[in-house]
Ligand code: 8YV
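The chain below stands alone and is given in structure tokens; this is the form predicted alone.
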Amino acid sequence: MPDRRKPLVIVTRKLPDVIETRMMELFDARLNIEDRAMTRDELMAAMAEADVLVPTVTDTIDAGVIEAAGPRLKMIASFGTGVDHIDLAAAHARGIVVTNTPGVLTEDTADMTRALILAAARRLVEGERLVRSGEWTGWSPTSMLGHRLYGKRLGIIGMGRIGQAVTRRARGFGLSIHYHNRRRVHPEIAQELEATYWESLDQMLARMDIVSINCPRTPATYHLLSARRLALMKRDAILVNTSRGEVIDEAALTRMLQRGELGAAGLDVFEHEPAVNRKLLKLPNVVLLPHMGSATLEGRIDMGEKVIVNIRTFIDGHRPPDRVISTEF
């Protein structure tokens, strides 16, 4: 896409100041200072005039929005790792290059997964609320009993970058690591992680004390943890999700938590976010976070820098380093 003029780059949400400043220097950048989510009509209007669109995971770039793309638009440089919000087939059919920002959020998301495992197992949020309520009457041998992590089995669904980072942290807790993936990881990685592979997700779920979801959202992973699969888990098991809410049948999960058919859950994402099932809000055995697994300043800046590198590389007529061809679990 070599051109002497600066490309018009439209950014759909507010990004860290240092990233926006650099974009203004390099491109004809149109920023979203108010940080208000664009409407569908606004997204279509942006597609019609931009050379590059920089959306986020909250922007639905479906076939209809892509159809509105003008002849200038040649690139969608997504600010985020997941691309389930973009119709990749429709973009590729229009000759639009799609990029994302993989790798830079691995450690942050793995840290949050570890935090949710600990919080759910040891009832940290319940304890904090008890202290704040003013109703805490002091230590008791049977008060706020949680579960020890050491020696428990952790099952990881999706042994990619984040799954592997979670594994490295979990070993520090003394957890036994198991995983399910479309295929085994490289033997050298498996040996390093000391992880047991399960080809059958059903069989793994039935044996785990803790299950962590770290796979991407794809058609194949939609409701991967269905009501049937959730019912396979131990009654005192803990389920943690820092991936995408749609991977779990949230209604079924809520019913199980209500009935005591599952021990606890730690959720950073939700099936219909930002809407959260009202019944989940009332449950004491679930830790709820506002999709903040990757929310560190360092991570957001790293994401923005990747977006800039992808755009500049493409403008210079080269293949962007983070071009998305397809996703798989």
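From a predicted model like this one, the values you see are computed outputs, not experimental measurements. Residue numbers here begin at 1 and follow the sequence given.
What comes next is about the form predicted together with 2-keto-D-gluconic acid, which does not appear here.
Visitor: Looking in the predicted bound form, is 2-keto-D-gluconic acid within 4.5 Å of a heavy atom from each of F79, G82 and S294?
Guide: Contact check passed for all of F79, G82 and S294.
Visitor: Partner absent here, but in the predicted bound form, which of 66-74, 29-37, 52-60, 259-267 has residues with a heavy atom within 4.5 Å of 2-keto-D-gluconic acid?
Guide: That would be stretch 52-60.
Visitor: Heavy atom within 4.5 Å of 2-keto-D-gluconic acid in the predicted bound form: which of R123, R114, H178, R244?
Guide: Selected option: R244.
Visitor: Have a look at A165, L154, L105, C215 for me and say which one sits with a heavy atom within 4.5 Å of 2-keto-D-gluconic acid in the predicted bound form.
Guide: Checked against the cut-off, the match is L105.
Visitor: In the predicted bound form, is there a heavy atom of 2-keto-D-gluconic acid that lies within 4.5 Å of any heavy atom of M303, even though the partner is absent here?
Guide: Yes, M303 sits close enough to 2-keto-D-gluconic acid in the predicted bound form that at least one of its heavy atoms falls within 4.5 Å.
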